[in-house]
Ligand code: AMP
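First comes one chain, alone, set out as structure tokens in the form predicted on its own.
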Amino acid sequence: MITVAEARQFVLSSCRRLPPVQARAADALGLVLAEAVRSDGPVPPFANSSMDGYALRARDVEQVPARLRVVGEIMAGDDPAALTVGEGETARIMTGAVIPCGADAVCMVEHTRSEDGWAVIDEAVGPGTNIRRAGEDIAPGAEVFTGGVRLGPAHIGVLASIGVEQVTAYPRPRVGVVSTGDELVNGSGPLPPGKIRDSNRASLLARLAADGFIGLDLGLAPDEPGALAQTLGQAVLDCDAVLTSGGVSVGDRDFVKLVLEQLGGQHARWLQVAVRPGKPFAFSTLPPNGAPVFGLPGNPVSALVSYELFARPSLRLMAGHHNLDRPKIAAIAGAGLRRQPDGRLHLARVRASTRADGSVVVRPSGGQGSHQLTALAGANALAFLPDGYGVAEGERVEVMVLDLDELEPSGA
């Protein structure tokens, strides 16, 4: 057996970033920039008011109350080019409106009184008060985002604010998903003798979508080398990567590893990883484009855990990400997480929650068998249990957080 770190290193070293593409900025949420983005102009494009109030000269309100003559009104979107605020004068102004010529401050309306064409200013304001300067957020020609930045909602808004409609970014990998096994069937209705419903394809496609990748359903493949080779040969022409489940153990009809050796040659490798669940794992890059194929185990929990350990980091690398892994944090076992020594790292399915003091506590989410998918459905983290007897209640344990949104407060 090899360690998780050794298997991960082999897989990651075989994967490459996808070539950058031009993408619509409006569709680029979650993409990673391949090139820097610069602004042609300033943001804001002009000095404007941050408050509803009165635009004035600060030196006219050094002594308050000050009575100023109202010479105009400026709404957001107005062009006040013909309006000048002179000595003893003010202009009513709305949030976002252009600061008129002559004015150097805005007094918020709450600190003023209106008197039939005049405004009484009850608060002294200094130059620049309540004014957003032109270019205060972004200067003309500034590098707004560097290459390697992952675009979130605020990034998309910034791109819109500087008029950028296209960006150069790494694309979302297109990932084919195929389940292997003569025992598998789709759909509802009575099960024929010896058959089970395929859950791996559904869960892996859902996981890919949740992680921002494009999943392509390639259906079921029988336990027949020729048919499997044909499926994978076509898949690597249509996809950037492929996930298979099943056919990687030591059974007489576990053909995935054999087909990968046939198609991938020296690039193929069948691994026995010192981890539970997820010990059997096969991997190869296939011609003509070097698309990686991840041969995941057939047990439902093992397939998803192997995806987390090996496939997801590789796909993130291909998509240009620098941070390849989910967050790992130190937690406290709220109940014992027991295991027996077997030379392997165990990944326990746990439910993590936060205490009032900010610490994280984890408890088992259900049965720990590699076939018990409901426990993984109820988990929001995986607890890392090194070889030994596990951890007792109250001891510290490292966990990988699978779903930060589900890290709810604990009652204890």
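All residue numbers refer to positions in the sequence shown, first residue = 1. Every value quoted in this text rests on a predicted model; they were computed, and no experiment measured them.
Beyond what is shown, the protein has a form predicted in complex with this ligand; the following relates to that form.
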_Within 4.5 angstroms, counting heavy atoms, which one of the listed stretches 305-313, 249-257, 322-330, 165-173 is next to this ligand in the model of the complex?_
249-257
_Partner contact for residue 245 in the model of the complex: this ligand, 4.5 angstroms, heavy atom_ = yes
*Can you check whether residue 90 is within 4.5 Å of this ligand in the model of the complex, heavy atom basis?*
no
*Taking 4.5 angstroms as the cut-off for heavy atoms, does residue 200 touch this ligand in the model of the complex?*
yes
*So in the model of the complex, does any heavy atom of residue 183 sit within 4.5 Å of this ligand?*
yes
*Report the residue, out of 215, 300, 277, 264, that has at least one non-hydrogen atom within 4.5 angstroms of this ligand in the model of the complex.*
300
*asked:* Exactly one residue in 196, 81, 210, 75 has a non-hydrogen atom within 4.5 Å of this ligand in the model of the complex; which is it?
replied: 196
